[in-house]
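Starting off, we have a lone chain in the form predicted on its own, written out as structure tokens.
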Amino acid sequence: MSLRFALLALLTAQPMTGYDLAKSFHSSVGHVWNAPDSQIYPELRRMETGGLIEATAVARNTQATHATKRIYHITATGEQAFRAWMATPIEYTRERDPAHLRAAYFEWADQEAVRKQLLAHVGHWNELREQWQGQFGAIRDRTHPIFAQRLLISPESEWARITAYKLFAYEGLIARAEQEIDWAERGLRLVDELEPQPREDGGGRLGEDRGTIPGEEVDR
């Protein structure tokens, strides 16, 4: 159901076509609620059937005769449903975290496999952090197109409140990414502490003295 309300949230800023909605979704709320286009378009049809949104057919700017596109508007019923959803406490689901589940059993994997997984974790959360920092900066600087439109249709007295909550949301996401990166980097240090390192000369373990083979003479 959250996909429905994410789409309604976008339509509270401005009417949009299905294409523009999907594009705006992926560049804004898609950062906190992922959904492919194959879910977005059917949900729009269900929302229209349920009276949450309505569509107006307008002419396309093409040479094709009678070519039209549908622009979706949020209805009063949709706004009421969105406000009710915002006022409802979140029902938290049980956590499913494959990265931390695997970490609990890293003793079953070799050193390189563990390092590879932890480095991938760092890379994944670094990428997300960069995306979220970009969104944070665009909101702060008022260059994000959907955010700018939201301010345009809102009283100036509400701008500070609107901005603060949007920044607050992305601050939490950035902090989560940084925590995951710190955790994985701690894991990489832990691997070095716990796992024996091979000698560069290929013999024994790090710090071990191979000594001499019994009966072998040592060159003087």
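The first residue of the sequence shown is number 1, and the count goes up from there. Quick caveat, the model's predicted, so the values are computed rather than measured.
The discussion below concerns the form predicted together with another copy of the chain, not included here.
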property: Partner proximity in the model of the complex: Met47 to another copy of the chain, non-hydrogen atom cutoff 4.5 Å; result: no
property: 4.5 Å heavy atom contact, Gln117 to another copy of the chain in the model of the complex; result: yes
property: Non-hydrogen atom contact Trp132 with another copy of the chain in the model of the complex at 4.5 angstroms; result: yes
property: is_contact(Glu127, another copy of the chain) in the model of the complex, heavy atom dist at most 4.5 Å; result: no
property: Residues in 90-104 close to another copy of the chain in the model of the complex, defined by a heavy atom within 4.5 Å, in order; result: Ile90, Glu91, Tyr92, Arg94, Glu95, Arg96, Asp97, Pro98, Ala99, His100, Leu101, Arg102, Ala103, Ala104
